[in-house]
Ligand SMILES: Cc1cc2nc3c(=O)[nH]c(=O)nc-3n(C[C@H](O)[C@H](O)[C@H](O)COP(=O)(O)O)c2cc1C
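Read the single chain below, which is given as structure tokens and is the form predicted on its own.
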Amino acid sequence: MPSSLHTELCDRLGCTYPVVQTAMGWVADTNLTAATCNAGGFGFYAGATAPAGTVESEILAIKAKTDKPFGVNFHMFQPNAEEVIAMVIKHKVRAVSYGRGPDAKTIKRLKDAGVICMPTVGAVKHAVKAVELGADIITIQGGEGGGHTGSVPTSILLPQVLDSVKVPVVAAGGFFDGRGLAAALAFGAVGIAMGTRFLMTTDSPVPRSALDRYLATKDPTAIKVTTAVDGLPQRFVENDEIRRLEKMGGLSKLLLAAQSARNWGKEAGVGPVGMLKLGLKMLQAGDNSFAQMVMAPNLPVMVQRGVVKGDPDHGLLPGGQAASMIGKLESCEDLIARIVSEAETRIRAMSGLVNEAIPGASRVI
């Protein structure tokens, strides 16, 4: 049966339901993106981790798997940022997601091509700035979310941003079921975005060895924030590798970063000069310090070890606290259908409360 759960987000992005799959590096591949879109949600492909020279073929691969609109993410400091932007425009991708890197000129270039600009932010000031630069939709991620994250929980950040900007707002950080979707809509958001929940699906490319570790994590406090990886706060499933990094001294961290830089540069085809240029771009794109720039190569090397190679003990498992609430793997189709059904049930129940208090009041759905 057609769903009556329809918001402005659905109109803007061309999806059936107000459910977004975030662009998790090395996880949001062509299959997961297409599966999300075919199930009625909106998927973002992880363009930020796409090797140089592959972006066009990956976009075409998604189009071969789905006729639905989809998005691509990127970072201005990645070596092939211009390639991503050019291919997004050439192939009329519906939307892009990004952090604080793109300037007003780049955003205008995308918007002039009909691409919806949908940055993710973790603070009110960044949301306001993003809108000033031209963002069409804002995704806020509360501190419960995985990967790089802030300290403000979604329940506080969401109303703060809703009160501060005049564009549609999508809520992320801690969402995994229909109750969360209903709550986000009640706050005033136009939908939810989820990363960890889509990572933990049967359409995810993450090896079963890593997925089993996610499924076994039932304590939300065991999915912790640390700055030990690249100097920025990030949330990971706690394991021996995290504990080892947190015990390291300054010299050990420097040596580890140097080794990671060599490994990453070799795999990415980036030499020493290119690495230096990339580091300077990182410093210019945000609030990163020199120390954070030096430590940055640790992240791709260790995350790939965890979610690509499937080594949950010696690699990193980025994830939100929602992982502790997920007990089984579902397909994207089953997941989105269940979330929408649960949300509709909750919204009808809330509408019933209003009807009891105000005779003659009409239902929301």
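Start at 1 and count along the sequence shown; that's the residue number. The structure displayed is predicted, hence computed values, not measured ones.
A second form of this protein, the form predicted in complex with this ligand, is not displayed here; the remarks below concern that form.
This chain is displayed alone, yet in the predicted bound form one of Val72, Leu199, Leu181, Ala189 has a heavy atom within 4.5 Å of this ligand; that residue is Leu199. Among Ala39, Val27, Met302, Val55, the residue placing a heavy atom within 4.5 Å of this ligand in the predicted bound form is Val27. Shown alone here, Pro318 lies within 4.5 Å of this ligand in the predicted bound form, counting heavy atoms only. Using a 4.5 angstroms limit between non-hydrogen atoms, Glu144 touches this ligand in the predicted bound form. Put simply, Gly174 is close to this ligand in the predicted bound form: some heavy atom of it is within 4.5 Å. Although the partner is absent here, Leu13 is not a contact residue: none of its heavy atoms lies within 4.5 angstroms of this ligand in the predicted bound form. None of 191-199, 126-134, 157-165, 81-89 except one has non-hydrogen atoms within 4.5 angstroms of this ligand in the predicted bound form; the exception is 191-199.
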